[in-house]
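Just the one chain here, laid out as structure tokens, in the form predicted alone.
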Amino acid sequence: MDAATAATATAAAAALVWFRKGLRVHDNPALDAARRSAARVYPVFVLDPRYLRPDPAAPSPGSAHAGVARVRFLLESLLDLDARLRCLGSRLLVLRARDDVSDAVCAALKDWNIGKLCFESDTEPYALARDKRVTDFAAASGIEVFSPVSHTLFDPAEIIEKNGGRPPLTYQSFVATAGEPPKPVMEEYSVLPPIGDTGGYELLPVPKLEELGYGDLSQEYIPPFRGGETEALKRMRESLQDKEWVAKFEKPKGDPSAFVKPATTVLSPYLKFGCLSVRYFYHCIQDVYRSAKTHTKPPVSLAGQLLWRDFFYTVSLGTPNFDHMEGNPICKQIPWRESEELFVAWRDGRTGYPWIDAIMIQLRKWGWMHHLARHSVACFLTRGDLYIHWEQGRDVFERLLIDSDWAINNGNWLWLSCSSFFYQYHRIYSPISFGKKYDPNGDYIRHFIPVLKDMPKEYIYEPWTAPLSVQEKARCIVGKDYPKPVVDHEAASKGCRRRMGEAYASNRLGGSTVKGNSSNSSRRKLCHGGQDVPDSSKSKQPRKRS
């Protein structure tokens, strides 16, 4: 055998599995294909400075794109993946990119003489550009590429093709087009092919959070959700053990103030990072349904929530500028106002509305909050009270949520701001009565805003209405220890409705901004996930204390 033939044979025997999302062993078609086709398998994760590089200008510790809660969850997920790979006789090879991840991957492909590259496909714009640079290099180098769809139930591109080249713009049309999702790849194996020679590469351990340069983290809250496939599977199994709960799950029903034991599965972060296969989760839910006499149906059922996820992935892939108002063909053009002062008050949990502030503080500390809590603060920022651009709120969620998913985050903000998908802008979440309905004693507020912990329950949602003597007894003077409301909700929401009406009228005069098969969407009464939007505020509104 000559040298060229030997080199070709060596390359064909080596496969690189590039982990990005999909941080798991179960139902991982990319890993499965590599182990079947190669004598040596290199499992690789590249630390991306885009998400990890410290940003001193950020409003809280972390990078420009990720707060420390999400970074912590990622690192925990990588540690768990490494442990699971070691149980299979392998390990995770952690590399650090100087600037561009694609450069690090291409260098490894060349230096390790890789013959096959396997990675889970990704539809986010940043990922598409990154992956194209790598696949172009692989094609020019004669490297085989296998990039299966496994982060979603369906292939979004196939759904768009089946729908005539356009994404379905309603949930119902999406479900009708999609059909049944494929089954997961669940073949068990006890060993992976060994890792080949890595030459002079510096193979890093998974870094500790404190090693990433985010400064003093001693005061940072450690969220109650630990990352990784092991925890994901455990949490899923525990959730599905209550078969009656699964069968009766209905998205409009849930307590957004429950924090000791959240009212949902809290599996969204594990789906975001791919620690849990969405296909495996979906089919496990179907197993429960088969054992139940009756069960709820999409869009409100538990399985229906996974279909919502795929809906947003599909629409985002097929919609230009999906993450912006301008140039987005399905987004209403609304002249949102600019107010840095009001935006910062919202972002930092200093609006003077305890329900809103407690939610934003939970977001900052935990990187997670209940979906109805997200609805409340999104509505307050945009069409409900402050009339500030949804893109600003989107950026805060994108950075702080541990389950921040590009398609879903943008889709939800488009929806909740009544910029697309849902158009009943007159239906507004009250920042007072909505939370009180679930938690009249205000335990959620007392937990996340300790300065209000001694405020009597009759004033906990409206502390500015408490007599001064009550505030003094509670050791919380409004305007000193806790801020006064930044707006009067009754007046602000009335103004928002008027402005939204004017913006909608202007959009109609300029032609419809929504194209495709969404003719019924403006009359629907469902918010995403089948959630009824609460009635407009009829509760007691801010009044000035004399």
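The shown structure was predicted, so the numbers you read here are calculated from the model rather than taken from an experiment. All residue numbers refer to positions in the sequence shown, first residue = 1.
Another form exists, predicted in complex with the DNA; not displayed. Remarks below refer to it.
Proximity to the DNA in the model of the complex, single hit among Leu169, Ile114, Leu192, Val134 (heavy atom within 4.5 Å): Contact residue from the list: Leu169.
Among the candidates Ile402, Ile460, Ile428, Leu302, the residue which, in the model of the complex, approaches the DNA to within 4.5 Å (heavy atoms): Contact check passes for Ile428.
Tyr51: touches the DNA in the model of the complex, heavy atom cutoff 4.5 angstroms: Contact check for Tyr51: no, nothing within 4.5 Å of the DNA in the model of the complex.
Proximity of Pro182 to the DNA in the model of the complex, heavy atoms at 4.5 Å: Judged by the heavy-atom cut-off of 4.5 Å, Pro182 is well away from the DNA in the model of the complex.
Partner proximity in the model of the complex: Tyr504 to the DNA, non-hydrogen atom cutoff 4.5 Å: Looking in the model of the complex, residue contacts with the DNA include Tyr504, since a heavy atom lies within 4.5 Å.
Interface membership of Gln424, the DNA in the model of the complex, 4.5 Å heavy atom rule: It does: once the DNA is placed as it appears in the model of the complex, Gln424 has a heavy atom within 4.5 Å of it.
Check all three, Trp308, Phe434 and Lys437, heavy atom within 4.5 Å of the DNA in the model of the complex: Verified in the model of the complex; spot residues all in contact, yes.
Segment assignment from 212-220, 343-351, 446-454, 368-376: heavy atom within 4.5 Å of the DNA in the model of the complex: One stretch meets the cut-off, namely 368-376.
Residues in 246-262 with any heavy atom within 4.5 Å of the DNA in the model of the complex: Residues within 4.5 Å: Lys251, Pro252.
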